[in-house]
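One chain comes next, on its own, written out as structure tokens in the form predicted on its own.
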């Protein structure tokens, strides 16, 4: 573990140096993500200018859910965004072959090969959203509640990572699974809003099949106990661990099925 920590630190320092060399690109990337998220929030605000609640949920409660989703997604986007490129950047051109002969876990190498600056914008906007929503909610915050919020956000990020890894692994059989990964990832947009506003089938799908519900709604429901999901929300860290274990097991299976390009 220490070895991989040191290795990742060296990779991260190298990436940060590159980002600082191209500061304008870095700032543009961060700003573009923030503007994109602000546009989505503005749309929600316009809706709430005409109605007071959506199925019993107020604007700031939905904003709280949105903030957890954004901060959780930022963990994936900053540290694990390179999983998107597995098929077209590593498997198709034969770059993965070189990683397999190195004395480092190939998944670690793929992940450490990139630190994505856009994720910092996602993190900043997520924290701003949470900082805006929390004071407007009738919640009591202590050390235990803050610690639980951090655990929920980390769990959210791990679930994003696990789902992305699981579907990126199909690249071992399809050469490039990016269309599938992109289609599945877009489903996470549904999780930025209360699951209770959707049809039962959609709620079941986002809870038990592709568990994006655990990336925002259930973590938020632990604090906003208005849907009877508070006890169920405590399973969020467990869901994150299970998702990561299953995704890594599927990755290993894909690795065994990998056939070198010969290039």
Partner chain sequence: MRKYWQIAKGRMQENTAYSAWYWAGTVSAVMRLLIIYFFWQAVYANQTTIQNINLETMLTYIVIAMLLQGFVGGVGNELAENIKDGQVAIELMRPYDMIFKLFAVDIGAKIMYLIQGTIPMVLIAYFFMDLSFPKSPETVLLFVVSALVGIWIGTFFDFLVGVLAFWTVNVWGVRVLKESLITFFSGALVPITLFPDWLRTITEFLPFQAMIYLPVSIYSGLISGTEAYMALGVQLFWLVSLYVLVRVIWSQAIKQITIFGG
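Residue numbers count along the first chain shown, from 1. Worth saying up front: this structure is predicted, and the values here are computed from it rather than measured.
In what follows, reference is made to the form predicted together with its partner chain, a form of this protein that is not presented.
Although the partner is absent here, residue 109 sits far enough away that none of its heavy atoms falls within 4.5 Å of its partner chain in the predicted complex. When its partner chain is considered in the predicted complex, residue 248 lies well away from it, no heavy atom lying within 4.5 Å.
Contact between residue 179 and its partner chain in the predicted complex is found at the 4.5 Å heavy atom cutoff. Its partner chain is not drawn, but in the predicted complex it has a heavy atom within 4.5 Å of residue 189. Within 4.5 Å of its partner chain in the predicted complex, a heavy atom is found for all three of 36, 54 and 173. Comment: its partner chain is not present in this chain, but in the predicted complex one of 193, 79, 167, 120 has a heavy atom within 4.5 Å of it, namely 193. Proximity to its partner chain in the predicted complex, taken as heavy atoms within 4.5 Å, picks out 23 to 31 from the listed stretches 231 to 239, 217 to 225, 63 to 71, 23 to 31. Using a 4.5 Å cut-off on any heavy atom, the residues of 42 to 69 that reach its partner chain in the predicted complex are, in sequence order, 42, 43, 46, 47, 49, 50, 51, 53, 54, 55.
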